[in-house]
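Here we start with a single chain on its own, the form predicted alone, put down as structure tokens.
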């Protein structure tokens, strides 16, 4: 009888562990499958490629995580990213690299401020606002470029893009720095605690004296800044800009955030969890490419994954009520 109780207790603990770590277990299982079926998957070149691909969108995913924790999300991240690539390359070609860097970041911040103002002060719905600004910014980008990609031959930018340590480029390094900064802000500062409080219960947070409008505003500024920064990092890699770059960025960032365990209802989660979601997304689509799956079918799978995680998130939220 005692033996049965111990076994039952172990089984219960195992079930609880698997529920809490289901995504991590799934990721590890998928990696094992790819290692066995495709030896090229675990080559150092492919690993660094996964890290680099993950890092560009990952920085925006961190900002999106903060937005979702705060009870909001931003669809315009994709368009700000595309705008940043063409604006950065254009200014690099005319004024130089340093002015291009700062002016591009400022433009991303300003776009985020517009979103933040309309949501926090005018009290418009974030979905409607960012859907509208997404379209406006995309149109502005096409107008700015005439619908054509922009290239650069700036030698300094090319040299920065070629910089690497054991195959690891500048982008993953900045990604790790961003991860540390976001973790510290959310876990160790009053700003971070207030973001959680604002997303957890807007009205209670307001009654406790938190300036919730400010935090709603700053959420969109952070997304705008990170989207512009990510756009610059892509330019460092490819020395080109296009309005079509990053068209799936917002979808990718939200999916990675939710897969990582940050609830769409707001008030909980973290960027460390988002890293797991990013790994799942990056490993999955890298594997699909290695397996020869067509790009259009990968888009289909990405949509299915997003719907699946939203359903799971909804079910878990209902069970916890």
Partner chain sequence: MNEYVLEMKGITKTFPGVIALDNVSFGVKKGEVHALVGENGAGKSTLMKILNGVIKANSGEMYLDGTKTNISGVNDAQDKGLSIIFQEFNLINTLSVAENIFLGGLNRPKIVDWRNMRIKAQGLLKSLGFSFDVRRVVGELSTAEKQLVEIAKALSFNSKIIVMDEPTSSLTKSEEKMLFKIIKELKAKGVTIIYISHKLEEIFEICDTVTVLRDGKVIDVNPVSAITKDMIIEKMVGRTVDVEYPKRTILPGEKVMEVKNLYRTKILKNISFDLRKGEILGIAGLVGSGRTELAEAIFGAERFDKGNIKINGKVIKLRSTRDGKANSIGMVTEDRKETGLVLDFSVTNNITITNLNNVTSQRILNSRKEKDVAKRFIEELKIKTPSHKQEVVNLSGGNQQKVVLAKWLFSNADILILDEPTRGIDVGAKYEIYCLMNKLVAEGKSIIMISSELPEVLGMSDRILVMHEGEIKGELLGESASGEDVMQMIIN
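Numbering follows the first chain given and starts at 1. Since we're looking at a predicted model, the values are computed, not measured.
One more form of this protein exists, namely the form predicted in complex with its partner chain; it is left out here, but the text below deals with it.
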### Summary
Within 4.5 Å of its partner chain in the predicted bound form by heavy atoms, the stretch out of 226 to 234, 150 to 158, 201 to 209, 84 to 92 is 201 to 209
### Query
Would residue 189 sit within 4.5 Å of its partner chain in the predicted bound form, counting heavy atoms only?
yes
### Task
Mark residue 217 yes when one of its heavy atoms lies within 4.5 Å of a heavy atom of its partner chain in the predicted bound form, and no otherwise.
no
### Task
Decide whether residue 289 counts as a contact residue for its partner chain in the predicted bound form under a heavy atom distance cut-off of 4.5 Å.
no
### Query
How about residue 37: is it within 4.5 Å of its partner chain in the predicted bound form, going by heavy atoms?
no
### Listed residue that, although its partner chain is not shown, lies within 4.5 Å of it in the predicted bound form (heavy atoms), from 109, 97, 179, 197
197
### Query
Using a 4.5 Å cut-off on heavy atoms, which residues of 257 to 279 contact its partner chain in the predicted bound form?
267, 268
